[in-house]
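Single chain ahead, by itself, as structure tokens, in the form predicted alone.
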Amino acid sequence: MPVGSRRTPSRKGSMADVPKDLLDQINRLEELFTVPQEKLKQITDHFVSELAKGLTVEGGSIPMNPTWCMGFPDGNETGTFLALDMGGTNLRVCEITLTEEKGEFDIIQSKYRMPEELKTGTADELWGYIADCLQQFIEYHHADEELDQLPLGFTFSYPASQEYIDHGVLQRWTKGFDIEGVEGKDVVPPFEAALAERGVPIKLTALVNDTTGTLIASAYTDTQMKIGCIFGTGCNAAYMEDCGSIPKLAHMNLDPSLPMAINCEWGAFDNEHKVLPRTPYDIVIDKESPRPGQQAFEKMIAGLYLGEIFRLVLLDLHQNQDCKIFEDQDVSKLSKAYSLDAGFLSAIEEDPFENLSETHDLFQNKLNLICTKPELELIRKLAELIGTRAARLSACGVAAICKKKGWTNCHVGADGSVFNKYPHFKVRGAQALKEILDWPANKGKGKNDPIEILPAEDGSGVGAALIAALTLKRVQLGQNAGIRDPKSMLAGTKAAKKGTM
């Protein structure tokens, strides 16, 4: 092999010296975790019907939330907009200037730490802190300027139902937040009150989910983008539906040809356990999770769970009478739930050495376990099986949206740690799309495919600002569906003076 060249993903390894008991287990795991073509197609077909069901009045497991973002940018949007991204660890504030150059933008941004104590404090403390950060940002970047009201896109990536784009009722806290008196209420009025109290010249224009932001930001720079996805700690997708295909909005008498971005919240797919090929390990994860019976799809493909599936399998093998693994060693570190993350599996899959020395060191340093060469071969194989299954199941969701919409050629913008950092995730997903959609033999390589999953643009920053821009543009055109108070949304902004954008 030439110096400096990296080994190809298909490291063969040597099973010749693997004892029969471990070889039997490898074969058993291969059967458990492999998702064949027929199964992929069956899952995808069920996914299509579940997506449609989520849009009906009765609804289904997948919420299919209308976002009131009604259209893609055309690249000609201009103006200055703020974006606020409230994540689990940081607050990010961006100022985005959409320039005269089509599809171009300038961005300045600042990050503020989200103090842990705020996550379990009071609602007033939370909104006050966020308003303080915004005030600090404006004072730093616009000292002594006379400012119009700046339109803000607020990326609020917690499950929320929206009857209007400028409002959102928090369904439940996630990401470690547990602040009383916020769930079941509209989060916008207290946030706006905190801004008003401090005299911050900001007008909340759109409450945005990060996945919808990913879709819109990606479409701004690439007109072939039709779907936005997150494959990270959690998983989700958003796409543009036409209002005529959303029976649960029929009472609003919207023009059936109008577009509407749908935030699928597809982690809940197959909560009824009809098609997903769950292993005994998946069943344990679900039973011991804070919300058993929910997020069935997410628990098989999201970064939060991949390391845990891996850990449960290894612990089970160690306790299994039929095979010998980590014999006479202390497995107390391996016994700690959620102690391994997707990054741990990534490191195993990226080990370039024939003798898997990096994996050997990883187990020794992190878990105090000394692995034999055959054990390392099993470990590598198990990581590959879990990572491959996640990528292949993820592809079922993408294929389902494309089948539902009749799209045979498009780009999909994906973000999240698993998509960006997990080795071979993209190629494995492309191979699965090829099997589901019956592409020709020379396709499915992850490049120049009919449906290609590409790295997304910044959804929670640029995407949120663009959605604020699109919303103001709609108000100016008198298209007020899903906007609670069009008049006050424009009041004091530069857009109100110009009359057009």
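Throughout, we count residues from 1 along the sequence that is shown. The shown structure was predicted, so the numbers you read here are calculated from the model rather than taken from an experiment.
One more form of this protein, predicted in complex with a small molecule, exists but is not displayed; see below.
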With a 4.5 Å heavy atom cut-off, would you call I262 a contact of the small molecule in the model of the complex? no
Quick one: does P151 come within 4.5 Å of the small molecule in the model of the complex, counting heavy atoms only? no
Does any heavy atom of G234 come within 4.5 Å of a heavy atom of the small molecule in the model of the complex? yes
For I230, is any heavy atom within 4.5 Å of the small molecule in the model of the complex, or not? yes
Option from 182 to 190, 143 to 151, 118 to 126, 208 to 216 whose residues, in the model of the complex, bring a heavy atom within 4.5 Å of the small molecule: 208 to 216
Out of P374, G103, P159, P277, which one falls within 4.5 Å of the small molecule in the model of the complex, going by heavy atoms? P159
Name the residue from E298, E77, E349, D270 that puts a heavy atom within 4.5 Å of the small molecule in the model of the complex. E298
